[in-house]
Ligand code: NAP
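Below you'll find only one chain, the form predicted on its own, shown as structure tokens.
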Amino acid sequence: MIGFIGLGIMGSRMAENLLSKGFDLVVHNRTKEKAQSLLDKGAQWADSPAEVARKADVVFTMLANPSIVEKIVFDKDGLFNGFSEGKLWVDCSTVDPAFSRKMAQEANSRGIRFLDAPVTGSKIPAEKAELVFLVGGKEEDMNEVRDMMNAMGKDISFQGENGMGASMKLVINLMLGQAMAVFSEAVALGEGMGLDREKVINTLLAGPTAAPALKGKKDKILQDEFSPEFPLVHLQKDLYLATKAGFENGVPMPIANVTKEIYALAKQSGLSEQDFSAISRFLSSKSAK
């Protein structure tokens, strides 16, 4: 039996892919309504994380931030009060590496195995089971859940000891957030100088300077429609975690810190729950006028 906790944009689709590949699943979410489609397809409901831990041999968590992860595991009805020794917890949440190492220590002190395994990809790759798992921990533990990860993704990348999966995820999301902000600022400049917005976007995306990941956001930017695939609030959180990791490791992060505050301003302006590509609206030359 597999447990899954956290049924948001990503987690719900990951859990559905596990079900569709024939795995038995028990789920929990803060709001049961988000689990209903999974329950209709055969998943079991658990009233608490502890109940998930009691029923499942492996538990995946996909949660918004470190504080929520802590609540899920340490509360009186949390995972640690349901796990028995030898079970495996796989945390797919995007958190900082120091936090993942702390969770590994807490789990190991209770005889529980732990993997940090955040994923690259957002809503559409999650639906299509095209995620890439970035894994930190013991390789033998990763191999134990390889079939489960393959049901949800297209690749598994072992990064090393606990905390290394989380580290790689922050590196990737740092580049993603910066690339989108720089692209949006370039489009705003072109538009401000009188160039046609669509021509600027198409020219940049066809050239060598735009990150390939930006092409998937082309229609959202052109149509000024930012239904969330990866909410801006989460990207801003990831930038914060990256700058925190930089501070902890003695790495200056001047560009990351500025970018983080740009996203924070966009969040404050009402774009928090929009797709992170809505930074283009915030930085648009029309918005600035």
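One rule holds for the numbers: they count along the sequence shown, beginning at 1. Source: prediction; values computed, not measured.
Here the subject shifts to the form predicted together with the ligand, a form of this protein not shown in this document.
Not one of D116, G246 and N257 places a heavy atom within 4.5 Å of the ligand in the predicted bound form. Under a 4.5 angstroms non-hydrogen atom cutoff, the ligand in the predicted bound form lacks L39 among its neighbouring residues. With a 4.5 Å cutoff on heavy atoms, A266 does not count as touching the ligand in the predicted bound form; it lies far away. Remark: V251 does not count among the residues lining the ligand in the predicted bound form, judged by a heavy atom distance of 4.5 Å or less. Heavy atoms of G6 reach within 4.5 Å of the ligand in the predicted bound form, making it an interface residue.
Checked against the ligand in the predicted bound form, the residues L63, A46, I221, A53 give one hit for a heavy atom within 4.5 Å, which is L63.
Proximity to the ligand in the predicted bound form, defined as a heavy atom within 4.5 Å, singles out one entry of K102, R146, K199, K71, which is K71. Looking at 103 to 111, 207 to 215, 146 to 154, 88 to 96, the stretch with residues near the ligand in the predicted bound form, meaning non-hydrogen atoms within 4.5 angstroms, turns out to be 88 to 96. Annotation for 219 to 253: interface residues with the ligand in the predicted bound form are E229, F230, P231, H234, K237, D238 [heavy atom within 4.5 Å].
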